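Below you will find one chain, with nothing else, as structure tokens; this is the form predicted on its own, and questions on how it binds or moves follow later.
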Amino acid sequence: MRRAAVLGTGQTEHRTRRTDVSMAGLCREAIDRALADSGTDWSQIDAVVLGKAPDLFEGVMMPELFLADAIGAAGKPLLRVHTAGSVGGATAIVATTLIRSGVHRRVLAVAFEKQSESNAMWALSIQPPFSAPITAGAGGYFAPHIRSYIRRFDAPRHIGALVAVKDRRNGALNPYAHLRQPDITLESVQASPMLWDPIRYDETCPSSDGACAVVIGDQQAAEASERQVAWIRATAMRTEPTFYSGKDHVDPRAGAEAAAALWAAAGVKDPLEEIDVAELYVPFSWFEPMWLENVGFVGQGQGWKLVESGETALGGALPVNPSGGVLCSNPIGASGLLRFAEAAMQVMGRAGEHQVAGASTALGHAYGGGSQFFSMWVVGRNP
């Protein structure tokens, strides 16, 4: 299989409402930054892959139709990807596959969300025919899974607050982050209103307008780059039904199988020792210990202990979400691609104030739906 690498990344300033730009303008803001970061111009892009979460999030059906010109796809192949919240990660993997297969030399991957133009809570609460109602949005759906994790492993109730404090302080180091709270404390998180037991207000992600773009190139393009690239060592995607008899919502089979396939393809034997930084998709703070276990960094029931030890903070053995993660910026369609891009930025040494010193290998992770879709990649400084 041919080698592929991230040549450059770009993202927008993430805010509650980006009324200064249209959807097209939001995408172009990220794209222009990615092209500049990669030293690439429009003429060198062979194809565009667009990622977008459910169209009801803005109420614009098939936005790729009117966005084609603005995102540089006129006269070029354009693919639309949709795998719920994991779509950003899936978008990067589709773009990578186009490079590795030898179809194209440089592919632009872009994903976005402009939640301010609709109501994601409403979009997640409707009841399509022949499906179970969510009623209370994503938080209402996932809170029982978190309670199950707490009961199963006797996890202390302050673990979620520890994650929230860490990520929000990390976000204060990220100039693009939506929420930047350097003075947040454990006490202030624990005093914030309870939304869906045990999820408190400060333990949940915001609703953000934002976009992310990544330029991925083949080996020749990567070797011609004047800047450090992030070599894509491995990718993996897995899927399972939202509901089926025996489904484990605490430790989804698809996530575990995707991670196992990823580590095998990347030649990683001990993820906790060999991965320098991880960008995990954590929309509610309790998902950090759950995903640490699901992807295999630690064993079952050990995720909350790793969090409590402080080893997932900047300066720890495994910094998790040094960018602030989804808890600080959540343009849903782009959130997965942001995790992949931030992982690449770490190994390229371009993460600014939230750079993990000496990071050479990083994990990007995304999930979506009812813990149904999982996308992951491992990137490194060296091929």
Partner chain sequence: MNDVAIIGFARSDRSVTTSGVETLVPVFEQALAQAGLGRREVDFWCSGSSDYLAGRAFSFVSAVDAIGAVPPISESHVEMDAAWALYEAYLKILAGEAETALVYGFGKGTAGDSERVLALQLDPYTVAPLWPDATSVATLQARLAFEAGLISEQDMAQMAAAPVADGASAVVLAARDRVRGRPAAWISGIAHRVDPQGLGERDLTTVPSAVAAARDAGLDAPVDVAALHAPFTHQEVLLRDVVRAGVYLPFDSNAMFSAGLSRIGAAAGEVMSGRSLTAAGHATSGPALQQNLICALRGKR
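Quantities reported herein were computed from a predicted structural model and do not represent experimental measurements. Numbering follows the first chain given and starts at 1.
Not on display, but discussed next: the form predicted together with the partner chain.
Colleague: Taking the partner as it appears in the predicted bound form, which of 242 to 250, 265 to 273, 180 to 188, 220 to 228 has residues with heavy atoms within 4.5 Å of the partner chain?
Modeller: This holds for exactly one stretch, 242 to 250.
Colleague: In the predicted bound form, does each residue in the set His158, Ala260 and Lys305 place a non-hydrogen atom within 4.5 angstroms of the partner chain?
Modeller: Result no, not one residue of the spot touches the partner chain.
Colleague: Contact between Met23 and the partner chain in the predicted bound form at 4.5 Å, heavy atoms?
Modeller: Met23 belongs to the contact set for the partner chain.
Colleague: With the partner left out here, check for me: in the predicted bound form, does some heavy atom of Cys205 sit within 4.5 Å of the partner chain?
Modeller: No, Cys205 sits far enough from the partner chain in the predicted bound form that none of its heavy atoms falls within 4.5 Å.
Colleague: Heavy atom to heavy atom, is Phe373 within 4.5 Å of the partner chain in the predicted bound form?
Modeller: It does: once the partner chain is placed as it appears in the predicted bound form, Phe373 has a heavy atom within 4.5 Å of it.
Colleague: Spell out, yes or no, whether the shortest heavy atom distance between Pro77 and the partner chain in the predicted bound form is within 4.5 Å.
Modeller: Output for Pro77 is yes: heavy atoms within 4.5 Å of the partner chain.
Colleague: Within 4.5 Å, heavy atoms only, which of Gly358, Gly352, Gly315, Gly59 is in contact with the partner chain in the predicted bound form?
Modeller: The residue in contact is Gly59.
Colleague: Under the 4.5 Å heavy atom criterion, name the residues of 100 to 114 that approach the partner chain in the predicted bound form, in sequence order.
Modeller: Arg100, Ser101, Val103, His104 sit within 4.5 Å of the partner.
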